Structures are given as structure tokens and as C-alpha cells.
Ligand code: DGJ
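Below you will find one chain, with nothing else, as C-alpha cells; this is the form predicted on its own, and questions on how it binds or moves follow later.
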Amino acid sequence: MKKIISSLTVFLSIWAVSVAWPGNVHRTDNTQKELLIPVTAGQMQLIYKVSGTDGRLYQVYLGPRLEQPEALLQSRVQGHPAYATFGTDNLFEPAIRITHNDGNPSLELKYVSHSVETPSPGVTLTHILLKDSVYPVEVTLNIRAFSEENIMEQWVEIVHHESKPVTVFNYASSMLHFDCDHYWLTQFHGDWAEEMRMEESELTYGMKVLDSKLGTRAHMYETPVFFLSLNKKSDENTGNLIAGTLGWSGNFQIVFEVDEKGSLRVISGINPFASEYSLDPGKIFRTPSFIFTFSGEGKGLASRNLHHWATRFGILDGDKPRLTLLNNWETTYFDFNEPKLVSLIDDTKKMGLDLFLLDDGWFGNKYPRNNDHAGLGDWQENKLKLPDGLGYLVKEADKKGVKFGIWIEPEMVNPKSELYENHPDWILKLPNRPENYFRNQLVLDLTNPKVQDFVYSIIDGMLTKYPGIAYIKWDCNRMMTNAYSPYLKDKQSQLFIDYVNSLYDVFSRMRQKYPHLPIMLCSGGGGRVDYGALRYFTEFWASDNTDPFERVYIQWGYSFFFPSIAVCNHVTSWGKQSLKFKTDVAMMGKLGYDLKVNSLTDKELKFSQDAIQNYKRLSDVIWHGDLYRLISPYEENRAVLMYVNPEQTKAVLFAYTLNARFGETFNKVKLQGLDPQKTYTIKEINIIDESHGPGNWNMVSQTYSGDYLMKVGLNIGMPVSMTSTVLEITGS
């Protein structure tokens, strides 16, 4: 049994005689004294040590902030390699592996210097330079620390000055170490329409790998997010844990390796599978960012840390309002014309929504987009469906006082298209093998600069011609199979990396000209949800599965790592639940509609109009309030959560009863995040039926102290399957 270091935190004891504080620049050689490099993000701290024995960099602490880290300088613990190499004395999974010009496969990195800068208030950036003592290879560890959000962001830059390219086989973004008695991993997996399924298991000796090899739609099976509970399982409000996520829209790998002594190393980054990279002299290989936080108060605090960071730094315009919308997809699919679309614009106005979104099927002439077999890649308006073009619809929307948005899938192509006929060399496909289709389409070769220009021209040309377009839904409906780039030629192993970096180049170019245009990140549902792409997007489509029962679980999973302002939820025809239940579930994030408005009864229409107004009135609390998950659907036949504004004067609570058993009763729900000294008025909203039974707070509105609500709680909702309650909570 290993010695327990602390019941409150996880750290490794350290020994040093020098502490490097922010603002200093230090250089060393192999004979200098021990050197500490602390990196602090609010209440979290990561500390490295430079060994005076071998000149290498070691991680010696990760946990809550130490007010006096020098007080720990008693024990002579070596620590763990900060960025382990391959080819010398490392016996475990490396963070980096390189083969030099002369065929030597080894690398030994030693500390050279480090510096700390403050690019903006509350943000520090630490650079730690490491070099090989024999070969001219440099590796810089970069750690950006966000003090208010308690978040760290890590990435690595690799460069060399050898005479010819070197081959890089492994290139982790981050390597973290832990010494505990037990480790509990919470992971999220799934597939199309079953995203973000949560599963927890204990890590044992050996290796556990979360990864993707899909190229694009990379998160279709595994999502690059995790919780790592330390020593014992964490719950919503208790336990020490790390919450981590990788900002990369391609193949990823997160390795958890427990060694023979029970120590754990966590290595995250681009998946090196079939992706060895030929790095030219002087060219910098920059890894994507690994973003993480430490929480000593369970998953809830970790989520709130990530949400605060994301709305400020992780997603585009996280502090700005979002648009409610009506999508035409489930009303028309591919079968529409101008009069039908104009009527849907009228429905958008009637509902009180902000924007009408025209989905797939509006383009292609030689090969009309009347189904998903043709037209993809030919981005001209279909003259039969839209004889007056998109400009007519933009003007009609403007006349009705709503905005107009459009769907595109610019990375893809149907073989039945003019684009495919004219540019067969623009397609990812293997020579001497039959083409492999998914959703009847292929992937364009974005490593080719001409293809990048083409994809950019789709957006730029459309927005230049129709500047009134106010929203884009950017879709991506397949992964890479039989992938081969005619452009890369003899560097095929670089395809997966170069594709994603080229995609980011297109996104960046787009944002330089259209910095604040709202764009939804969609990928056949939730197949591309990560902070690598979200810095260019205002929101994402969580799943094509909009059955509200399933969405409770899907949205619950996303809520651990992504703020509600970014999670698009639509009221649709999926599922047989009531309109109220569907609406209440969709209001948990960014609200939208995709249903036949003209099929609603007068009562349902009035309910929807009122619910939309409620949502707009309370959206700031939902988007920017602190999230408290009160009752998990993984633990009970219901889900309860609430958002509380920073002033603790307003809160919105959502309660969903799922598959209640006959005779089942629910205990009171204790609220969280309120001010115990304030008095709160409870009012139920989104009521469609004044006689819908017990728990109708509209009939028994009362006031309670925050202390009472958090210590005693309330009976909320009904033990009746597929029912829901939304409470508006106002404090004074």
C-alpha cells in the first residue's frame, strides 16, 4: 500500500533550494542548484523542478495552490519527467519520440531557461525551453494560466536545426503525473444520435487509451474529455479531480498509464497513429492545447471553472447574445420552394423567434440537391426551387423583422456533382482502390491550398453577394475512409494533421473578414465538439437525436465541459412526449425549433410563444449563470439542474421526470448556489395546462429563504413519466 500523501489534495513532495517566481528568466546547466518553477491558476498550482543532478525537468506537484511552496522543500523526492522522451532511459509511454537525420531514435531533453509573461490581466504565460545536449532539437513547454477561472492550458512547440527533416512520431500536448492509491476515470462515448454517454471505471495497472482515428468527425465514438478522480470517486460536490479536454478537431489520443508503483501519467494530444510527421529544419510543430482544471469540490466546481473560461476564452463571442431560430429541415426536408419558405419565415415571426434557418437542399443545378445523393459541392442556388435566389429570401425575412441563415457543408462533395467532375484531384481517395462513400459523399482535400481557397470562397462569395445573411450552419457529415491526398504525395502520414490545421486556416481566414457572424458548428450531430474549433464558432449542434428523453442525457453530458450558451437544442418532432416536455428540455441550453408550426393547436402555439418570451427574458441567467446539477439522471429517474446569476438574485431551475416507476416517490430537492440571507420567490413558468397536477407552483407560489431552500429543499415536479417543471426563482 502506498503512503497517502494528503486526504485533501494530490501532490508530490519536493526538494529545492531556489524558487523561480513569475517575471523571472532563469538559465541553468547541469551543475546548478535545484530550481522550482511554479505555475499558478487561481486556486490551482502546477510545480516543476529542474534537477541539479541531471539537468532535466520534473513535475513535482499538481493540486490546490500552496501559499508557501518552499515549505515543502524538505523531502528529496525526484518527481516525474515533465515531458518524457523515447530512446534513452524512459521505460514507459513517451510524450515525444523523434528519429534524427542519422537514424538515431533517441532524445534527451534538458532544461535551458524559462520565462513568464502576463499577456492580459489575470492571465500568465509560462515558457519552459528544453534542448537535447547532442542534437539541435528544442522543445518549449507552454502553460497559460487563467487565475479567475482556475484553468490551465498546455501545449508544446517542437523545432530543430538539423540539416535535413527529422521524423516526429509522438508529440503530446501535455503530460501530467499523479501519485494516489486509486484513480477513477469518467469518460464519454457514443455514436451518431447517442453522443456523450457517461461511464466511470477504476484505472488499474497498465494502460487505458481514449482515442479517435476517424480523421474528421473525430469525436463520433469517443469525445476528448474526461474526469479523473483521485483516491476515491468524486460526485457533484465532493472529491478531488482533474477535468480535462483537448482542443483538436481531428484524431486525438489520451493515454492513462498506471505503472508498477501505482503512479499515473496522463498523456494527451494528437493521435500519433499512422501520423509520423516529417518536420523541416526551422519549422515549428505546435501541438493543440490541452485544457484542464483541478477541483477539490467535485465535478460541479470543475464544470463551472470550464464554463467561466469557455465564455471568455474558449468559444467565439461567449459574452454576446445568441439567436433563437426556426429550422425548416423537419418541415420540408429537401422538398421546398420559395412560397413554402416564405410561409416558414412568417412562422418564425409568429413564434417570436429571431431567425429562419434554411437547411440542406437549396443548391445545385446540373445535379440538383433533391436528396443526399447529388449536388454537394455545387454551391449555386437551385433555379427551380429558388428562381429569385437567396437574396429574395433575405429580403423577405428582413421585411418580416427576422434574420436569415443558411446551411452549408463545404468540406464535402458528392461524386454526382460538377465539382467532382471538374476537380477529381481535389478529393481524398486511394489510388487503385474503389471509392468509399459515407452518406453518398467524399471529403475534399483541404491540405491543397486551392481547395482551401475554394472552401473560403463559398462563404465569402455568399456573404459578399448577400450581406444580409446573418447566420451559418456549418455541417460535416462523414469521417475519413480510404483517405489519400494527391497533394501530399509522399507525405501521406501527415494527412490527418495537415487536414485539421488547413481547416483551422480556413476558419481563421473566415473570421478575419467576418469576426462576429454567428456560426453553428455541426458535424452529423455532435461529431465535432471541441475547443479547437469552438474558438471560431459561436455554438455547436449537440446531436441529431432530439428526442427529449435522450437529450436529457446528451445535454447532461455536454454540460460537464461546455457552457449552455454554446449547446444548441431544438424542439422537434422526434419523440412522443408533450410539447411542454420538449420545450423545457430544449430551454436548458440555446433554444431553437425545427417543427411544423402550422400543425400546432392554438393552445400549443400560445404556449410556445409564451415559452420563447420566457426564455428570452431569462436567457442571460441560463447562458451566463453558474450551473448546479442537483439530481443526476444516471442516479434517479429524474434530472434536476439550476442556473444562478452571479448576483444570486435570479435563478432558473429545470426538473425532468423520466421513466418513473409505479408508486415511485421523489425526495425533496435541495437547491444550491443561492444566498442563504436572501428571500426567494418561486414561480412556475412554461405552463400549458393550469390543471396539470401536484407541483404546480403557479397555484401555490410562496417565498423561502435561501438557507431553507438549500438545507431543506422543495418538492419539485411529479412522479409521472415524461413530465417537467421550470421554476423562476427571484431573490431580494
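Residue positions are given as counts along the sequence shown, with the first one as 1. Keep in mind that this is a model prediction, so the values were computed, not measured.
Another form, the form predicted together with the named molecule, is not on view; read the next lines as being about it.
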_If the cut-off is 4.5 angstroms on heavy atoms, which of these, Pro563, Gly364, Gly592, Gly525, is the one near the named molecule in the model of the complex?_
Gly525
_Heavy atom within 4.5 Å of the named molecule in the model of the complex - residue from Phe188, Trp329, Phe537, Tyr553_ = Trp329
*Spot the stretch among 596 to 604, 98 to 106, 472 to 480, 204 to 212 with residues whose non-hydrogen atoms come within 4.5 Å of the named molecule in the model of the complex.*
472 to 480
*Answer for Glu117 alone: is it within 4.5 Å of the named molecule in the model of the complex, judged on heavy atom distances?*
no
*Could you tell me if Asp544 has a non-hydrogen atom within 4.5 Å of the named molecule in the model of the complex?*
yes
*Does Asp359 reach the named molecule in the model of the complex if we count a contact as any heavy atom within 4.5 Å?*
yes
*Using a 4.5 Å heavy atom cut-off, state whether Trp623 contacts the named molecule in the model of the complex.*
no
